[in-house]
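Next up is one chain by itself, shown in structure tokens, the form predicted on its own.
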């Protein structure tokens, strides 16, 4: 079986149906819930500064007015990491408490880890090296030294990796999907945090094995086999928008000596051969490369960007009786994820948006793809243009459809609208390679993180929905074979807030 066959087979095997969900153990083994934070033993620690008091640009300025680039130093790197991967809030119900982070995660399980590589001592007030970021302690753990000055002083690297077992514990074989969505959430979190500082983020094109070696993830003796950690992508962070690193420099950055061993996250483990197979097939011998970034858009939010990031939440319930939003709000939300050259579009169930009739719509993130979509979706659709990039497919009340397709979750029907992220699929993967399967999820996760933030900036609420009936949605859209597949669902409205929960300082454990 080829790598492409493996990822396509995985996708089919992990679909949810009305009478059968994807395989999992069928219950939550709370005694073995994975610990949420990766730590390395026998490493030096560098505490970072908490940046809650830092001034940041207005959220709307991130997408319109270029922010003057801040110098790369200890304080700005502290802010960059805190407002991307750090803790945003802590919730409590009596004796039980848990943390929420700036980057969204399926089930709040957070499989995504991050590393920083710097070759200039003055950037973090410490000797250069490879560091793991611990969001709970807001500190860096040194895992390797690096040659000095191979990167310019206005550049450093971020590695994004995933621990699959954190999602496997709850979701079984479908966990790989959610892990990749979370990598996309993290990517957009880094991009937004960089925009606050006037920095540029670029996904580097490099071989998977080289990326793995760059951050020491190929030193398997430092890791636990059942809790494998795999590199997803490497980000170049710089003060210049067009900077590009010479690939030969990346090879020179690889250290032969990594220190520290990881902590055990769970005492017992589930084993799913299908997940190991799809991870290997979609990663090994593949070239990681970039994909389309979002276009600029207009936002009217007067909130500071850090406040938007810190207030982002996943709604647990939507208020059906306060669900209406304005057309302007609706289009602001969709336009915030516009781009060109994208292979991901939005099939939208409009429930309660002023000036727009209820029905099924299609938002094209790249209008040049309209003909291709018409050829591969239901032939009876209207394709009536309702706004730039937005097409009415069919009028009607789709609340029940959206609820049923989202595993009978009312949160999909009680908001102003919900959507499915419709991706160019089988032919695209066959042409681009097995890694494209991951990249589609990364792009969907990035869209989701942006929608979360945009909704928050408009004082609305949002939730990503990973549980949906795949082929029920495809049948509704009339998708021909596997030309398109929906990889992520999402809903936006006004949340019902659980007043029983107490709000604590996210880093109370550090400042008490």
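Residue numbers count along the first chain shown, from 1. Treat the numbers as computed from the prediction; the structure is a model and nothing was measured.
Just so it is clear, the following notes concern the form predicted together with a small molecule, a form of the same protein that is not shown.
S.K.: Is residue 228 close enough to touch the small molecule in the predicted complex, meaning at least one heavy atom pair within 4.5 Å?
M.R.: No, residue 228 sits far enough from the small molecule in the predicted complex that none of its heavy atoms falls within 4.5 Å.
S.K.: Can you tell me whether residue 100 touches the small molecule? I mean in the predicted complex, with a 4.5 angstroms heavy atom cut-off.
M.R.: Heavy-atom contact with the small molecule at 4.5 Å: present for residue 100.
S.K.: In the predicted complex, does residue 484 come within 4.5 Å of the small molecule, counting heavy atoms only?
M.R.: Contact with the small molecule, no.
S.K.: How about residue 313: is it within 4.5 Å of the small molecule in the predicted complex, going by heavy atoms?
M.R.: Residue-level check for residue 313: yes, a contact with the small molecule.
S.K.: Between the options 405, 211, 104, 416, which residue brings a heavy atom to within 4.5 Å of the small molecule in the predicted complex?
M.R.: None of the others qualify; the residue that does is 104.
S.K.: Which one of 235, 411, 217, 194 is close to the small molecule in the predicted complex, taking close to mean a heavy atom within 4.5 Å?
M.R.: When the small molecule is considered in the predicted complex, the option within 4.5 Å is 411.
S.K.: Thinking of the small molecule in the predicted complex, which stretch from 27-35, 461-469, 47-55, 65-73 has heavy atoms inside 4.5 Å of it?
M.R.: Only one stretch qualifies here: 461-469.
S.K.: Tell me whether 340, 345 and 423, taken together, all sit within 4.5 Å of the small molecule in the predicted complex, counting heavy atoms only.
M.R.: Not one of the three qualifies.
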